[in-house]
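Encoded as structure tokens, the following chain is the form predicted alone, with no partner shown.
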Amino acid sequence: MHGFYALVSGPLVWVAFAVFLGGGAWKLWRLLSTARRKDVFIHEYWSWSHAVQSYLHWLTPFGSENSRRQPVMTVVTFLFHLGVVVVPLFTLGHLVLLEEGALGLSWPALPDAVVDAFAFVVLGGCAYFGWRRLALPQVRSVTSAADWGILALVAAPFATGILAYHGIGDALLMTSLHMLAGEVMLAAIPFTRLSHMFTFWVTRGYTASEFGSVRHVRDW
């Protein structure tokens, strides 16, 4: 078990970050090159003014017409994404590892209780999204096995983190599984639908620029 822990807390961390960063750069390059090939005028009507306004409206709860039509989905989605960002970046244990292993980088951590609550929020969000895929015909009809895989991929590091933090199960095993699940999720981001953390900025900016500069309407 100690060998497994050494593996997931050492070499695999660097492999996961390398795949995440390299894969993310590849994803963006591929998206931009494809867009440029299919629409040679994209750079001419790209508007940072429209793009930034669109970012703000789509990232603000109820800032878009679509989000106002689905209030429950909007609240769950906003809290879910907030938790996905807050827990990895502001957990004290993560920051200690980052400071010790990654060029001394660190920043203030949030209280454990806050981070723990956000981890439960993420799991609750996964449960809600799973329920929608089962209960709503219009969502169920477009759900594939890959969608369930994505939910499991996201839920795993948060579930194992909760188990490790609350001392449920063998501490070393749960911590090791938590780290492995986090590394798998990190490495999978550029190659799954989770890549929208990279592509959102391009696709939203592209849509906003086309709507704003060409059609003269808002995209939110």
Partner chain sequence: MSEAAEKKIDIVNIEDTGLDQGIARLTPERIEKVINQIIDTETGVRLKLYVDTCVHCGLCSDACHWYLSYDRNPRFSPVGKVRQTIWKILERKGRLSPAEVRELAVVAYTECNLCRRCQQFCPFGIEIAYMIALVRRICHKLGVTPLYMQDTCHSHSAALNQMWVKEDEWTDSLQWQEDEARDEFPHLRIPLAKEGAEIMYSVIGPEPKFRTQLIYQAASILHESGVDWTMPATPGWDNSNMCMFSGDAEMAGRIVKEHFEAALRLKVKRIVMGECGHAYRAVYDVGNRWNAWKMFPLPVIHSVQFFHELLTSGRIKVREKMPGKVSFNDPCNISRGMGLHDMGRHVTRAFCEELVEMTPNREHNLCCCAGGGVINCGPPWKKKRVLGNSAKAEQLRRVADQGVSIIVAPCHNCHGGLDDIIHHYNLPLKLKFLGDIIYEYMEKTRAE
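Note that the coordinates shown come from a computational prediction; the quantities given were computed from them, not determined experimentally. Residue numbers count along the first chain shown, from 1.
As for the form predicted together with its partner chain, it is not shown, yet the points below apply to it.
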{"item": "Its partner chain contact in the model of the complex: residue 66, any heavy atom under 4.5 Å", "value": "yes"}
{"item": "Distance check, residue 217 to its partner chain in the model of the complex, heavy atom within 4.5 Å", "value": "yes"}
{"item": "Residue contact check: residue 170 to its partner chain in the model of the complex, 4.5 Å heavy atom", "value": "no"}
{"item": "Its partner chain contact at residue 45 in the model of the complex, heavy atom, 4.5 Å", "value": "yes"}
{"item": "Three-residue site 17, 121 and 166 fully in contact with its partner chain in the model of the complex at 4.5 Å by heavy atom", "value": "no"}
{"item": "Contacts with its partner chain in the model of the complex - residues in 125-141 whose heavy atoms fall within 4.5 Å", "value": "132, 133, 137, 138, 139, 141"}
